[in-house]
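The chain below stands alone and is given in structure tokens; this is the form predicted on its own.
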């Protein structure tokens, strides 16, 4: 635990130095960046030791707060979630140093204060072993991320996004508070170890309520549909390295909490798995459809986070169904796929958000319809973004394929079983993953093509510039991780097994046997991809050798008879996705306005389409408007007379006393 304590101490000291008054504020910013890097490196080393060392450590310090003690612990599950938190936190700090270079040092110092606090709170969340400490760290995480989202608070849309996030995260916390009250009352303690002993003895009604509170409370942070509405607002508003950290790892604390607390509720019934399958299917399909409809690159990536949280939920559903029916293969593959996708999503989504930040930094806009032709101007960003896009689509031989393959194989093991319920669940997962993967491929063909291919559609794209070195190398490191995990897939799967063993109560030998059916085909696929990559590299070297003594020139391709083609003659990102969007327009409520072309030689024509989030426009907005109307009835009580306010308080206290005496 020494490294964890050291990491938290470094984050705390760096946060203080980042906001100390100084003659040269730039040194405060540098202290914040340096501390974030050092603290994250210490935490990363602790995560590696905890995951592969096999030991379970804890640290207890008495405190005066009611409900227990300051209790931190490290086991393989905590260590696994600590890997992406600290790894992406380190790379995000390096990237942020380049991304915000030249900004207002005083304002940036406050930002790095909250960045260090956010990292410290996330480390505490995944290592806390006491509910009170967990809730304190959870609240600090919510507040620090709120201030990071509202970093550019002079913009009205940023302030609106911050308040939506703050309201949503506190509604989720309210359900967690109710959950901990139920478990604490039953256990007589707020230690997670006591929860685990008491959870199995809950009455059926309380068990259902506890599961619902767990799913809603942690699902709000994770971004499950329909609890996701804060996510597409907050991620685009935050600085890009913060967006990468929030989307890549902060929402995964919701997955961690879900797994950790469900383990305290006893043996999982089958309906847990079915519930998670339904949530995962809804989140995955609707998330990727809403991503396809976006023009802003960061909003597209935010909705893709909802999609990938859905994929993780599908894996968890397969795992819990496997546990409920005693199938070690189904459980091991489902949980291994879900946990590995947690890590993989942190890698490729962090890479994609950093790539989007590079595009914003180099062009000043994230509107894909105004971009195009950036690959020639930003080759490093374009290449790494392409790797991340292929990874998120689940294409071999990259890391996204490996985790989705495990979930596919876990579902397939249910299809070939003798249980009709397992057959149905397997078919649901396989169909859902196939649909999600197909639409995701179209989404990122649109994103990469609209941003990097073709010709520039605006002056911003025409004068784009490549990212600086501090921004470039974190993207290269994440892209390399996408490739390495894909080519070392069998090793990556086995690295996840210690964390899976914390969920599936079987021996390590039984876990190995459970994942064995998937390992052989995965090994053959990996070997085939490696052979193909070697062949491509060999042909590229041969081409270079053959052309080494010859003059190589460039010329334009056939232009279809147009003497002077313009960028307006090529597809925009929106027009590329329109045929597929038309299929789902009724489901999503897509609308459009414009002027149709008239005459043989029309002078002008235009069309603008918009796809609002149906959950927000059809449910949340009407709900909150009605709530505001109801609360307006009580506005007369807010008259500004202090003596009347004191009377309200006194009447409330009297009512409580009467209730207590009664």
Partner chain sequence: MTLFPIINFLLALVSAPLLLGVINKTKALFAGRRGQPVLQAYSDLWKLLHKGAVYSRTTTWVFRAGPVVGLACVLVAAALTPFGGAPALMGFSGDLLLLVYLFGVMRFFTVLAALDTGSAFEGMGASREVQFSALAEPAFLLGLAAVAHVTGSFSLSTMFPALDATDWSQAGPALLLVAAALFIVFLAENSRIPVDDPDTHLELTMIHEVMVLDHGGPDFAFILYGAALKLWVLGALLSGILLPVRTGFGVIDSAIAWAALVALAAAVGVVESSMARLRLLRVPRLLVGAVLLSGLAFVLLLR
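What you see is a predicted model; the values in this text were computed from it and never measured. Positions refer to the first chain, counted from 1. The term rigid core refers to the maximal set of C-alpha atoms that superpose within 1.5 Å between the two forms.
Keep in mind that the form predicted in complex with its partner chain is not shown, yet the notes after this line are about it.
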Item checked: its partner chain in the predicted bound form: contacted by all of 304, 343 and 346, heavy atom 4.5 Å -> no
Next item on the list: Work out which of the listed stretches, 263-271, 449-457, 133-141, 237-245, brings a heavy atom within 4.5 angstroms of its partner chain in the predicted bound form.
Entry: 449-457
Note to self: Just to confirm, with a 4.5 Å cut-off on non-hydrogen atoms, which of 408, 99, 195, 165 contacts its partner chain in the predicted bound form?
What the structure shows: 408
Notebook entry, point to check: Considering its partner chain in the predicted bound form, which of 513, 484, 212, 569 comes within 4.5 Å of it through any heavy atom?
Noted result: 569
Notebook entry, point to check: Does residue 473 reach its partner chain in the predicted bound form if we count a contact as any heavy atom within 4.5 Å?
Noted result: no
Item checked: Proximity of residue 580 to its partner chain in the predicted bound form, heavy atoms at 4.5 Å -> yes
Check: Taking the shortest heavy atom distance, is residue 438 within 4.5 Å of its partner chain in the predicted bound form?
Finding: yes
Notebook entry, point to check: Should residue 156 be classed as touching its partner chain in the predicted bound form when contacts are defined as heavy atoms within 4.5 Å?
Noted result: no
Item checked: Exceeds or equals 2 Å, Cα of residue 549 between this form and the one not shown, core fit -> yes
